[in-house]
Structures are given as C-alpha cells and as structure tokens.
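We begin with a single chain expressed as structure tokens, specifically the form predicted on its own.
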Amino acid sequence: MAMHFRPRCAMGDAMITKIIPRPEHAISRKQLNRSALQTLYRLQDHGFTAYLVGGCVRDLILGRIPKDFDICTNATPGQIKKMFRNCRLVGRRFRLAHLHFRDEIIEVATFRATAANDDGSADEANRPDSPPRHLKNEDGMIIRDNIFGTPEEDALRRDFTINALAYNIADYSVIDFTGGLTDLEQRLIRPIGDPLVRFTEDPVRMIRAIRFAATLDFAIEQETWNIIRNQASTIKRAAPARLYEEILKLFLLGSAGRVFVLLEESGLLKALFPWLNRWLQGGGGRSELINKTLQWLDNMVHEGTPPSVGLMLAALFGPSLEDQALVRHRAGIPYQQALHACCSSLYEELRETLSFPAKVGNQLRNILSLQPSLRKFPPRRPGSLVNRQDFAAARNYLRIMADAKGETLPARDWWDAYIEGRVIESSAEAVPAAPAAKRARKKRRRRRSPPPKISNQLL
C-alpha cells in the first residue's frame, strides 16, 4: 500500500478552524437518521450547541452510509437527562447519554477536553458538575480523560483528522478543526498531533489506523506508518477486553483480507497473535492461504451473511491448528486429542493479550473437530452430524478451505446437495449415498406341535 507524508501540526500548534457552509458540501439533512435529527433539534431548541461528530460526518462526506450517528453537545449529562425521557446515563470514566428510540440508540456526549500536557497539568473544568481531571500513567498512557471541554478541544482529542469533523445543525455547516477535509481528499490516514505521543497515549489507535486504511482504502501517512512499525509491540499494554472488540471490527467488517496484509507488514500481527506469526514463518504460501480464507469471509459480509466469531477465528487460526495437530498425531497422539491440546495452547497464549470468551473458543474447537467427519465421502450418519453443535459453521469452514487450497473436494459438493435436498446425477462420486438396503426379515419357522399323547387306557 502506498504511503504518503506531509507536514503535520502538533497538538500545541495553532490550528486554523475551517467552516464549510451548506452550499459547499454534500451533506443533506435527508441523509441523517431521523432520531439523530430530532435529538439535534431538541438540544438546539433548548439553547445548547449540538454537532454530529466523528465517523458519521466522514462517511456522509465520502458518500457512504453511516452505521452510527454520534452527537456532541455542551449540555452536561444531567441536563441531557432532564430533556429526554428516553435517556439512560452510562459509563464510569465519562458519563454518556444513551437515548433509546424504538429500534436504535443514539449516543450523546458532552464535549471533552484534550489530553494532559507533558507536565501532567490541565486546565480545570469550567463547570461545577465536571468529573475528575484526566491522568496519564508512568508509560504515558491516558487512564482517565473525563474532563469537559470546548468543541475545539473535543476535536483535538480524537484520533485521526478524518474523524474530527463536525456537522453543525444550527447552520448546516461542516466544521473542520484539524485539516480532515484535505486528508479525505488525499485519502490519507493521519493522527492529530505527534503520532508517537498519540499512540503512546492509546496503543489501540494503531489498530484503528489499520482498520480505517483497510475499510476506506486509504493510505497511512509515511511517518505514522514508521512509528506503528516501531511501536507495534506496545499494543500489549492495551486492555484485553478492548482489544477483543477491536479485533472483531478488524475482521468482521468486510475488509479482513486487506487488514491481514497491513497487520503482517506493520508487525502488529506478531504482537497480537504470536502463535499465528510463528506458523507463518514456515513459508510455503501460508500467508497467501490465510489471506484467501479471510477474503472468503469478506465475501460473506458483502453478500449479507456475515460469519460468526467462531468461523472468523477458524479462518484465521484453523490452518495452523490443523497443521500442528497433524504433527502431534504423527507422533502417536490421537488426532482429536492432539487438536484439543493445540487449541488449549492457543487459548493460553491469546489470553495474555485478548480476552476471548470461552464460548467463542468452544465454537472454534467444534468447527475444527467436525472436519474429519465432514471430509469423509460418503459421510457416515449425515443426519446425526447435521444436528451437531456449530455444524453450519463447520460446513462453511470446509468450503472455505477447499476454495482457498484449490481442492476438488467431493465431500463439499455432497454436503451442498444433502442440505439443499438435491440429487446430483452427473457424477457417481457426487451422488448422495443411497440408503442402506433394508435387511430382509427372517421368517420364523412355525413350531410343530408335538404329537398327542396316547392314553394308557387305550392300549
């Protein structure tokens, strides 16, 4: 992927805010979510500033359909709750207002301040109900950033310039605090401020840079890319639960193939998944194989049938687990026992970085455990296999691996025919196995009744 570089503004440098009036941008109120629009208008009617912010503004400018509509305002959480009966306040580090509509939730946040200065100082909140000030730990990571601020401060604390745009409902203008519109035009991922400081404050931003580059088909700025490669190992400092959520976004949004390439090139794959990285070092087209399995998942997303988390993990780790299980099996360990041992080793390693739920781990194990039975042709007792847990995902994995390896797998076609109730006549191999002929019931021989006893009186 081509990388670009251009000078940046540091967090402390003067930023020139640009206001793009309605005639000069493409965002229309008709594109906005109805619930979000009602929320914006109510906040404005009560005298508050209200902006659409973040990814939804970015996507609207790019002509994409936003997944969420996030709102920022100068109203405090308590004031928001008084305005909306459907409001629920959530969060510990920073109180957020969730407005519950019939089919969705609109998130409303109060403008927040930027991160603390290098000396750890920060301006005091300018409201009496402001929560405690933010704080960095000894490594420079932000562990609390819950202080109210201005719209400009809120924009500067965001991760990338393209996510710091705002749509002002008061005059329908777009506000660009950090040069995000220029970066959208150049299709460039660029952090706000010094990338080393920003990635030190929050290592998860490195993963988000990869995700935005992959999903938007943007380039990562050269300086930023170099720092990601140098700082990749620090990703382990992030909270495991948060990393798990980010990993799901990486691989389940339809760009997993491109994500995998960027993770491998940046060094983040090695930091996140040491098991997989060791296996990939064996060469022999292994990286290409994983890329193909992930592209299969991307096709499922684009076709409207997104894969389960278990199937995603199988596409990512399945080939390496099956290879390692086969090595142990050749050493004399039963295959299923070897496979379960390999899965346990993977889980132990992943727990050091990610908090995968046990349920997801069991799905991965079930998918791989079913493969020997599904590959048999013709299969034995197919009806009982269909009723096994995670059978549908296991059959999808069978298809994924057959396509990725370019295999002609009769069992795959057989299962397709069996599930769809079709009869394939073109090939004897592809014809569903005929049911076993019923054994003829053996006729019982009629027992002859014994001859009648002759009474002695008749003799």
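The model shown is predicted, which means the values in this text are computed figures rather than measured ones. Note that residue numbering follows the sequence shown and begins at 1.
Below: the form predicted together with a small molecule, not depicted.
> Of the options R211, R375, R328, H98, which one has a non-hydrogen atom that comes within 4.5 Å of the small molecule in the predicted bound form?
Answer to the contact question: R211.
> Of the options R388, R242, K236, H340, which one has a non-hydrogen atom that comes within 4.5 Å of the small molecule in the predicted bound form?
Looking at the other structure, the residue within range turns out to be R242.
> At 4.5 Å by heavy atoms, is each residue in D159, D202 and K249 next to the small molecule in the predicted bound form?
Yes, all three are in contact.
> Quick check for you: of 54-62, 23-31, 403-411, 41-49, which stretch puts a non-hydrogen atom within 4.5 Å of the small molecule in the predicted bound form?
Only one stretch passes the 4.5 Å heavy-atom test: 54-62.
> Since only the chain is shown here, I'm wondering whether Q295 would be in contact with the small molecule in the predicted bound form (any heavy atom pair within 4.5 Å).
No.
> Residue-level contact is defined here as any heavy atom of the residue lying within 4.5 Å of the small molecule in the predicted bound form; does S287 satisfy this criterion?
The answer is no: S287 has no heavy atom within 4.5 Å of the small molecule.
> At the 4.5 Å heavy atom threshold, is N366 in contact with the small molecule in the predicted bound form?
No - in the predicted bound form, heavy atoms of N366 and the small molecule never come within 4.5 Å of each other.
> With the partner left out of view, is N163 within 4.5 angstroms of the small molecule in the predicted bound form by any non-hydrogen atom?
Contact with the small molecule, yes.
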